[in-house]
Structure formats: C-alpha cells, structure tokens
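In the form predicted on its own, a lone chain appears below as structure tokens.
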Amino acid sequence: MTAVVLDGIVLGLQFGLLGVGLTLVYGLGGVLNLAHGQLAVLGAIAVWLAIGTGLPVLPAVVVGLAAIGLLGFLLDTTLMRPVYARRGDERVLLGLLLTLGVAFIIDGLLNWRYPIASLNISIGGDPISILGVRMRTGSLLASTIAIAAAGLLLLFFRGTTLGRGVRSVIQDEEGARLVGINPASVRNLIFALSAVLAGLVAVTRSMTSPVSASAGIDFTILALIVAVVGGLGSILGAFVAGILLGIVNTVSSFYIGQYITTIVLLAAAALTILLRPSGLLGRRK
C-alpha cells in the first residue's frame, strides 16, 4: 500500500502543476482554457522534435518549453483579445468556444502530422529506497522537478513585485489598474507561464510513461478536475487537490482497475461541488 501511495504522490504533483496552469488563467481572465492539455502535448512533441535534431535532452526541453511559452503568449495577444473585451457570461462562453476550437485544431494537426509520435525520456540509475519502497529514478526526478517548480511559483507570487501584481489583478482587476498595473500585460505573461507549466507536466510525465500526440484531452480533463476540486483561482488548492487526486487515482487503479479511474475522479469532483462549491481552498462568494 505504501508503494501505491508514493506512486500517487508522484502522479499528484504532476496533477497539481497541471491544475495550477489552468487555474491561473481562470483567476486572471475568468476563462477556462480547454486547450490546456493540447498545449501540454504540443510542448512534449516540440521536445521530441528537438531531440530528433540531435540536441541533448536538457537543451531540447528548454527549446520545447520556450516554444510552447511563445505560442501561449501569441494566443493570448491575438485570439484571446476579443474574449477579454467581453464581460460576465459572454466572456466565459466565448472563451470556452475559442479554446475548444484551438484544442480541436492542435489535436487534428498532431494526429495528422505526428500520429505515432510520443515523448519518452528515459532516466537511468538504480532505484532508490523511499520508506522501504524502491522508487524509479525517473519518478523521483519528476517529483523533484514538480516540487521545485511549485517552490519557484510560491517565491514568484510571494516574494516578487511582479508576482504580487499578478495576485492583485486576480483579487481586484479594477483596483490593480488604478494603482498602475496593466491587467492585459499580466494576462499575457500568465498565459505564457501556464503554457510552459503544461509543457513541463508533459515532460515530467514522460519520465515515467510515454506521452503520445493524442493525450491532450486526457490532460485537459485532469486539469479541469484538479482545478474544480482545489477551487478555481486557488494555486495552493490546485496543488493540494492534485496530490489527493493522484493518490485516489493510483489506489483506484490498483484495486478497481484503470478503466474506471476517470469515473472515480469525476465522482470526486462532483462530490466536491456538492459539499463545497468553491472547492477545497477556493474563496467563497
């Protein structure tokens, strides 16, 4: 059972990062990015292509994440502009439609151009004993990267002027504008950061299992579940929900079977909405 829980924590850290990227975009712009998973997969394919040119793994990862971050920035400065010009339900609906369209386009392009491509980063080294369980080096490295990314995000939002500016826009956009913060520029930055985080999740996931070109919808569903359970707009909530759902995922897969795990996760999200509509750590209206 210890091994199952540890595997769940490894997976949950990746879930958490995936949910954070989605919840940041929602917190700033009130938009659910339904192409979030496809951006993650596109980042993985970019890394795969970079490795195919002969680049070592680390530079290839840097190139792939930079490329997906640039794409996120371009999407926010072009496609998302008419979305942010709307208010209320109009913004939500238009955002859903446009990002869903982007998801379909990316899926179509990847399945047409790279139907059998998959990123699988093999990490060598002997297994390491953790609480009496021998853990693969790839799992430990993936977890270390996720924890480091979470720490850097916390440092950014708590310890930098720009990070505090982002938090002020999330809390009160009009108030932030009055003190000289440009919400549009902040959204540009965070959409790009969200794309980079999505790509990073795909890279760390590839250290434990292959990430294929068709995995985008699965990533998006997981990100939505994590964000809803943690509380849309809550970064800490996304991490907490990610770890909890990662453990639920592995325990369910171990005792019930992988085929029903997604249903279990959706049931957990539905139960959270019923008992606590704002999520575990979301702000109550």
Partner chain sequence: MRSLVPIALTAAALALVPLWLSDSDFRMGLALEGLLFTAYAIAFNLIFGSTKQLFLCVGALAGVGGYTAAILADRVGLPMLLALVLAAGAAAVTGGLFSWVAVRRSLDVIFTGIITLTFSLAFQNLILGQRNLTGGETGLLVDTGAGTILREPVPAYYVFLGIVVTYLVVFRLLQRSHVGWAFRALRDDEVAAELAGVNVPRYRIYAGLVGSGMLGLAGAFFAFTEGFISASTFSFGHVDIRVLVMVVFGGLGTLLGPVLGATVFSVIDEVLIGVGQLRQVVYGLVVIAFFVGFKHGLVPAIETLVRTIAGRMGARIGTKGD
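Since the structure is predicted, the reported quantities are computational estimates derived from the model, not experimental observations. Residue numbers count along the first chain shown, from 1. Rigid core: the largest C-alpha set superposing within 1.5 Å between the two forms.
There is also a form predicted together with the partner chain; it is not shown, and the following applies to it.
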Contact stretch among 248-256, 48-56, 63-71, 220-228 - heavy atom within 4.5 Å of the partner chain in the predicted bound form: 220-228
Does any heavy atom of Tyr84 come within 4.5 Å of a heavy atom of the partner chain in the predicted bound form? no
Since only the chain is shown here, I'm wondering whether Leu97 would be in contact with the partner chain in the predicted bound form (any heavy atom pair within 4.5 Å). yes
Verify the contact flag for Gly101: yes if a non-hydrogen atom of it lies within 4.5 Å of a non-hydrogen atom of the partner chain in the predicted bound form, no if not. yes
Can you check whether Thr77 is within 4.5 Å of the partner chain in the predicted bound form, heavy atom basis? no
Considering Met135, Val92, Ile123, Ile147, which brings a non-hydrogen atom within 4.5 Å of the partner chain in the predicted bound form? Val92
Look at the candidate spot formed by Ser143, Phe191 and Leu281 and say whether the partner chain comes within 4.5 Å of a heavy atom in all three of them in the predicted bound form. no
Near the partner chain in the predicted bound form, with a heavy atom at 4.5 Å or closer, the residues from 250-265 are Tyr259, Thr262, Ile263
Note yes or no: does the Cα of Ile263 move by 2 Å or more between the shown form and the other one after the core is superposed? yes
